[in-house]
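Next up: a single chain in structure tokens, the form predicted on its own.
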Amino acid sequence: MLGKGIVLGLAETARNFFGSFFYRARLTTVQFPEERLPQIEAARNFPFLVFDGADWQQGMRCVACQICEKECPPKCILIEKSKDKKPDATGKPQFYPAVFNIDVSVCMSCQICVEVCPFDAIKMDVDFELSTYDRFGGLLWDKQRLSKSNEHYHQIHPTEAAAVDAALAAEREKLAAKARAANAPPANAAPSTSAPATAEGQA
């Protein structure tokens, strides 16, 4: 029938309209910002840098390997590696980003930086209320603006964050076991005991 699609569309609109007076599920419009839909775990917007502990500088996971900078399709990430090193979460000295900037006006939220990061240092946030009056400085985020705690990561992506923490804990335990094995004495080494002096030897 000619126009069948239009008729079906109007019927669905009418069903939702009249049904909204009796069923809240039919209210498809959310009165934002007074009402907000809950964020789903798989949502993503712009990247952020994860840090462990209370100090964002000391606990930053990023080691400035620059893989995300090289793989970023729109080239919105700028990283400058530090000249010195600092201990990471495992106690191993690592480089850190002296500069880590992301131009969110260019970022396309593709998540490639997250997928290529071998240290689980960069993740995708779900915050979307990011309007600013400054179209230049307000959209160029430095490492302090990008840094968010591991607790924040657990709040927005609990399942993914739990898996990441488990993998990092296993890696730390592996390194600790390797260090203990390196410092332990050989199993086949005979205990060093000095023979008591005999009477003839003392004479």
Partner chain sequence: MSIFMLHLHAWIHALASSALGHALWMVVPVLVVFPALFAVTTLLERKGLGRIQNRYGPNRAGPWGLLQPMADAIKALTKEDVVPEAADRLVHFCAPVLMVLSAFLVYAVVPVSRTWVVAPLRAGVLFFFAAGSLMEIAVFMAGWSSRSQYSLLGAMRALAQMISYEIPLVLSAMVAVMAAGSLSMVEIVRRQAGYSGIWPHWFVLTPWGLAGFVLFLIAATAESNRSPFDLPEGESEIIAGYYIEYSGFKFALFFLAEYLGMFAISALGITLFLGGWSAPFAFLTWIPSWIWFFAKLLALIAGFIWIRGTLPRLRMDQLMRFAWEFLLPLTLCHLFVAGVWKFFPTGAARWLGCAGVLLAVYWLLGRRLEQSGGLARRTYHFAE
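Positions refer to the first chain, counted from 1. Heads up, when I say rigid core I mean the largest set of C-alphas that superpose within 1.5 Å between the two forms. Quantities reported herein were computed from a predicted structural model and do not represent experimental measurements.
The following text describes the form predicted together with the partner chain, which does not appear among the structures shown.
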Original post:
Though the partner chain is not shown, can you say which of Ala162, Leu27, Ala176, Ala169 has a heavy atom within 4.5 Å of it in the model of the complex?
Top reply: Leu27
Subject >> Residue contact check: Gln31 to the partner chain in the model of the complex, 4.5 Å heavy atom >> reply: yes
Subject >> 4.5 Å heavy atom contact, Ala14 to the partner chain in the model of the complex >> reply: yes
**OP:** Answer yes or no: in the model of the complex, does the partner chain come within 4.5 Å of a heavy atom in every one of Ala98, Ser147 and Pro158?
**Re:** no
Original post:
Does superposing the core leave Ala162 with a CA shift of 2 Å or more between this form and the one not shown?
Top reply: no
Subject >> Threshold 2 Å Cα movement between this form and the one not shown for Lys174, core superposed >> reply: no
Original post:
Fitting the rigid core first, would the Cα of Ile67 be found 2 Å or more away between this form and the one not shown?
Top reply: no
